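A single chain comes next, written as structure tokens; it is the form predicted on its own.
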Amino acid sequence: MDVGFILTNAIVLACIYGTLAIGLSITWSSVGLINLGYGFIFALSGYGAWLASQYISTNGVVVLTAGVLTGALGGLLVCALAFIPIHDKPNFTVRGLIATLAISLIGTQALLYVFGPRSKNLPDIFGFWKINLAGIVLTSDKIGNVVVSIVVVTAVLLWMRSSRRGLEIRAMMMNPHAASIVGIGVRKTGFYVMAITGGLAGLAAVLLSQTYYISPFGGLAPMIKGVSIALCGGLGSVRGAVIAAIILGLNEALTARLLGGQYVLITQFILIILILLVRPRGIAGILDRAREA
């Protein structure tokens, strides 16, 4: 068993899926929305990056930026359709979940109609080089995926700690009711949250598309894994999402290597069930009582 190969793949998967899970956790803890529209945003971002590579430039920065911006626009679209109209209505959590799922299903069908069923592929945005580190071959796409995802997520978290809008989002994450009382606008903050987390989904889409193809339904599996990681880590906890991403990334790499890729989801959900049996709120869940009610 090639331990180095498994660990390398686990780290890459943890960084990509962890980016999605962190976005889901921030969305839930700040605006109370479980965004199942990430499948659509993910696929839309991939096509946005593909269009940029076809009609603007194949430069890696251009392609990556196009994917992130398309993801942010997708997040704003979901916010306008699934958050703003119903955020102050009864049973918002259930309504929001159904609304975002409907957006995902309708959106993927629209992508299928516009782009057709044939898969697209993105250019290699990190080049073709590789290095040998202690007998472990690290390719450019793996190193690029890890570095870019860590840098971007760190930048977002630092922005949330230092900027005024970021502090407003953090206040919403800690206590949304108190934040609204002191004058923090729920709607305005919701647009910021959805744009940022949509951009993170777009980043994950471009990074994962370095290995897989872009297709209308290509965001379904990443969305399931992102939601699984967010639930496993504890909805609302960025730290828990990171820990869960590492655990489930290692599980996926081990399962794919030892049993085959067709068993990944089976072992993943078994692991999630075991974790939730021990810690029902997740590894580091901070689900507040107000939303439990």
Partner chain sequence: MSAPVAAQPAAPAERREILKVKGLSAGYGPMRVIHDLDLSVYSGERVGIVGLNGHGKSTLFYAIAGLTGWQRGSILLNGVEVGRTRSQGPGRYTHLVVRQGLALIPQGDEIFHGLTVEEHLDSGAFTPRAWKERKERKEKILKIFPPLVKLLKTPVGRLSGGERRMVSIGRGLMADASLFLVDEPSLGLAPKIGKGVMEALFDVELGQSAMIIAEQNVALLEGRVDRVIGMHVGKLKGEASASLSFQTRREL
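It should be emphasised that the depicted structure is a prediction, and the values quoted were computed from it without experimental measurement. Residue numbers count along the first chain shown, from 1.
Not on display, but discussed next: the form predicted together with the partner chain.
| Of these, Leu157, Leu167, Val147, Val137, which has a heavy atom no more than 4.5 Å from the partner chain in the predicted bound form? | When the partner chain is considered in the predicted bound form, the option within 4.5 Å is Leu167.
| said: Please tell me which of Ile184, Val152, Leu73, Ile143 lies within 4.5 Å of the partner chain in the predicted bound form, judged by heavy atoms. | reply: Checked against the cut-off, the match is Ile184.
| query | Is there a heavy atom of Arg161 lying 4.5 Å or less from a heavy atom of the partner chain in the predicted bound form? | reply | Looking in the predicted bound form, residue contacts with the partner chain include Arg161, since a heavy atom lies within 4.5 Å.
| task | Report yes if any heavy atom of His177 sits within 4.5 Å of a heavy atom of the partner chain in the predicted bound form; otherwise report no. | result | Answer yes; at least one heavy atom of His177 falls within 4.5 Å of the partner chain in the predicted bound form.
| message | My question is simply whether Arg118 lines the interface with the partner chain in the predicted bound form - judged by any non-hydrogen atom within 4.5 Å. | response | Contact with the partner chain, no.
| query | Taking the shortest heavy atom distance, is Ala195 within 4.5 Å of the partner chain in the predicted bound form? | reply | No.
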